[in-house]
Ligand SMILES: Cc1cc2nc3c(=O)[nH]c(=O)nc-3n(C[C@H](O)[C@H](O)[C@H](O)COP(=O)(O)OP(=O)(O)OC[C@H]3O[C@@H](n4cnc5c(N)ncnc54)[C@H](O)[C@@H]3O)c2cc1C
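Let's start with one chain on its own, the form predicted on its own, as structure tokens.
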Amino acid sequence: MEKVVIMGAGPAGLSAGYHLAKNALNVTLLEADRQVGGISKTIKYKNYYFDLGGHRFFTKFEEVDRLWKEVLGEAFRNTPRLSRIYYNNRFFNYPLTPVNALSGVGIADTAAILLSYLKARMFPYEREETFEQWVSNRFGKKLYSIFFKTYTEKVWGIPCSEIQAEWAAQRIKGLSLSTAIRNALFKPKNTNIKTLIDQFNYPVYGPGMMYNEMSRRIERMGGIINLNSRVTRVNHENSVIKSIEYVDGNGHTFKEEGDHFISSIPLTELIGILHPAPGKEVAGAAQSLSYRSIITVDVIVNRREVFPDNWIYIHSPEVKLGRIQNFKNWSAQMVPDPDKTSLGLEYFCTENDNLWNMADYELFRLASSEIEKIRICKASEIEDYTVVRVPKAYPVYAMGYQRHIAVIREYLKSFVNLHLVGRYGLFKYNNMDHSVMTGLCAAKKIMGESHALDTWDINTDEEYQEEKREDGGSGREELQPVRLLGKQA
């Protein structure tokens, strides 16, 4: 029986392991954390359940949908979606609607938005290489500065002029200010026009419930999952991965041999632990890539209701806070006391920057003061908190990153038994279902299914991933609000 070693037990690694174990292959998963799920795990604190960012389960892949339903069954429930944007002391519908948006920004800014849009139509950027250029050409500089710039720069930590236009193109395909207004006011004639998804599936105890159950099933089918096991070396010879070495929680080193290897660990880390090491060009390309991390300050509020949304995006530049999750509105079971509310306060940062290195109590003081400042609740109403740091949560699409990926990809494809999956492994801003699909496709390739998609080719179309077609197709979004006037923007 062939043996498959999987590095990482997030959605991609677990989905690969589940499919392989289900088909009677010998599977071992190695996970550096003390629990499975990766960024989609759920944190339990005093019987409260906290998601690390709000992970909706919604997909256009029927195979992924079947897998999720197979694993959780009735515990996988339909949830209504409501979200808003907080900007300039006001809450805006998300997606924005004409009356709400224009009344919120005021007459002067409305006029400035329209004039700025006309100017962009008359004198557009000739080249659309950056996020700023791409969005400004379609919406004008004024609207870009109000509803795109601040939040986007909070998320990525770099100016929008240094973010690849590809990021915008994947989220805002085929839309401009004029078409957004037209589609908001008049029913589109084209039956394939996409409309906003206002419901999604969600496990009753958060996304970790899905992946905890998936790991249990893998073990029941004979697979092995080793937690607290960080891969430290990948040994190869003549374009074949021979073995990996890992360190357990007690500092002991082990070696694991196999016939096939799947990696969902950060691409930059994989390049750094290959032995023999790659050449300078490949190593340099890996060092040129960066990830963005997040910190969640999860708080328990002594109030039955705080706001009606599942989550709120914080666009206001006067606070560092990026997004707020209201877990009670994702699933009531995540909050054990109906008279309390639990919130996830999200901060985007980079590993080892000032925010990342701030003590937990200082982070709590910052978060509690900021949600009071924007009138979510009073700091005195918060009765408890816990802090979670998530390293390398989002690959950064900085200018030139594609050149570096091309160098790395060309090198890694020479290994005949190595398969890359997931957001980390492929350095792609995959949504959860994309990651699951990469895991399934890698498993199928190993099993000899030649028609299975190359994992690099999943999530390559410039189509926004939280839209559904009236003919039944669909997708989903996880992080960034770039939708406008009832449509994706």
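This one's a predicted model, so the numbers in the text were calculated from it and none came from an experiment. The numbering used is simple: start at 1 and walk along the sequence shown.
What comes next is about the form predicted in complex with this ligand, which does not appear here.
Enquirer: Whether Ile324 contacts this ligand in the model of the complex should be assessed with a 4.5 Å heavy atom distance threshold; does it?
Expert: Residue-level check for Ile324: no, no contact with this ligand.
Enquirer: Give a yes or no for Pro266: in the model of the complex, does one of its heavy atoms lie within 4.5 Å of a heavy atom belonging to this ligand?
Expert: Yes - in the model of the complex, heavy atoms of Pro266 and this ligand come within 4.5 Å of each other.
Enquirer: With the partner left out of view, is Asp33 within 4.5 angstroms of this ligand in the model of the complex by any non-hydrogen atom?
Expert: So Asp33 counts as contacting this ligand.
Enquirer: Does this ligand get within 4.5 angstroms of any non-hydrogen atom of Ala398 in the model of the complex?
Expert: It does not: once this ligand is placed as it appears in the model of the complex, Ala398 has no heavy atom within 4.5 Å of it.
Enquirer: Which residue, Met432, Leu67, Leu440, Leu420, has a heavy atom that falls within 4.5 Å of this ligand in the model of the complex?
Expert: Spelling it out, the residue with a heavy atom inside the cut-off is Met432.
Enquirer: Would you point out which of 370-378, 386-394, 356-364, 156-164 contains residues with a non-hydrogen atom within 4.5 Å of this ligand in the model of the complex?
Expert: Looking at the other structure, the answer is 386-394.
Enquirer: Considering only 3-20, what residues come within 4.5 Å of this ligand in the model of the complex, judged by heavy atoms?
Expert: In sequence order, Gly8, Ala9, Gly10, Pro11, Ala12, Gly13 come within 4.5 Å of the partner.
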